[in-house]
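Below, in structure tokens: the form predicted on its own, a single chain.
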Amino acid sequence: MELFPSLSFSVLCIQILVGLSKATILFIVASGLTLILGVLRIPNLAHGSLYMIGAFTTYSIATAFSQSNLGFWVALLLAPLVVALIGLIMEQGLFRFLYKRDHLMMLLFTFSFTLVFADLVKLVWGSDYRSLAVPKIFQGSYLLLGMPFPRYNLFLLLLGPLFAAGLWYLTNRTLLGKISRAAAVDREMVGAVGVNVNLVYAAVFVLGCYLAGIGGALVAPTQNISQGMDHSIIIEIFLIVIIGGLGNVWGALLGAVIFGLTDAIGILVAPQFGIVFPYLAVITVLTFRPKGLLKSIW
């Protein structure tokens, strides 16, 4: 008897593509967190809340421009900037004075922000679920291997490599990236040669928040937008960052791919236990590579 009679090659391939499209969003959000972890040494639990605010803000802006076909694109442009502005206020108002504090204190401090943002979201948007339609250009599906595959998921698949290439260029070819990598290793030395380290830290923190906002904007058409969506994403991206290597952007990409694929394939082969598969992958990786798959900056 065949163990999985409904599991054909085409179904498996489509599910893998679905997993990779989810990995794109996970990577974008996790890359923002791993930049903040790597350079600023802040385990920012509020990163998931910024992702949630990005999704709600995308809904509000897209709804405001609902008469135009450009509503989602305007929201995709503006919502991450709103989140980045919130990040700038957080960094300049509070975080800049606490960089040398103990990691446990910073963990508790950022956790307090999750409570503040949860109440803020409830105050502004209420407790009801929100939903956002997929942009018209991406509505419908393409036939791949005889199976329907959503156009929006294909858009996410194409977007993932572009973000990976952009982050590689930023961290390896730009002055900000090189200084940030140096500051992650030795802040005092970078400051001694005349670099404004506080400005670099602010730029990195805002960039990390901006990436969280982009992730929230991109996920908005794919699921219900609700309070609590920050809890699930923060667990997932922290696990991704840990198995990839703390502070390593490419580790975040590898971790996101592993998490997305195991989640998608787990749902396919054992739907009732699908949620378990990504965590089994995490346990397996950390058993053999306790410090992550790639070199940790910490």
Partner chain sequence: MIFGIFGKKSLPLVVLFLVGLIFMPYVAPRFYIYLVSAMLVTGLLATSLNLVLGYGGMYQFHHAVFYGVGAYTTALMLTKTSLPTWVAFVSAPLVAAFFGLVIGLICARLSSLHFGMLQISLGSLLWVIVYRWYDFTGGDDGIHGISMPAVISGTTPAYYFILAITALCLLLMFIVIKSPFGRILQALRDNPERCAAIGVNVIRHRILALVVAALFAGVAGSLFVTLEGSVFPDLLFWTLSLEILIMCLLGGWFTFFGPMLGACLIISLRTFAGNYTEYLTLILGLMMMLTIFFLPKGVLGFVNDLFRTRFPGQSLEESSHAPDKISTKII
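This is a predicted model, so every value here is computed, not measured. Numbering follows the first chain given and starts at 1.
There is another form of the same protein, the form predicted in complex with its partner chain; it is not shown, and what comes next is about it.
Each of L108, L239 and T287 near its partner chain in the predicted complex, meaning some heavy atom within 4.5 Å? Answer is yes for this spot.
Heavy atom within 4.5 Å of its partner chain in the predicted complex - residue from L98, L170, I89, V185: Spelling it out, the residue with a heavy atom inside the cut-off is L98.
Listed residue that, although its partner chain is not shown, lies within 4.5 Å of it in the predicted complex (heavy atoms), from L246, V39, L253, A264: None of the others qualify; the residue that does is L246.
Going by heavy atoms within 4.5 Å, which of 203-211, 112-120, 172-180, 218-226 lines up against its partner chain in the predicted complex? Heavy-atom contact with the partner occurs in 112-120.
Please determine whether V282 contacts its partner chain in the predicted complex, using a 4.5 Å cut-off between heavy atoms. Yes.
Mark F65 yes when one of its heavy atoms lies within 4.5 Å of a heavy atom of its partner chain in the predicted complex, and no otherwise. Residue-level check for F65: no, no contact with its partner chain.
Classify I275 as contacting or not contacting its partner chain in the predicted complex by the rule of any non-hydrogen atom within 4.5 angstroms, answering yes or no. Looking in the predicted complex, residue contacts with its partner chain include I275, since a heavy atom lies within 4.5 Å.
Close approach of R151 to its partner chain in the predicted complex, 4.5 Å, heavy atom: Taking the distances in the predicted complex, the answer for R151 is no, it never comes within 4.5 Å of its partner chain.
Heavy atom contacts to its partner chain in the predicted complex at 4.5 Å, residues of 215-239 in sequence order: The stretch touches the partner through H231, I234, I235, F238, L239.
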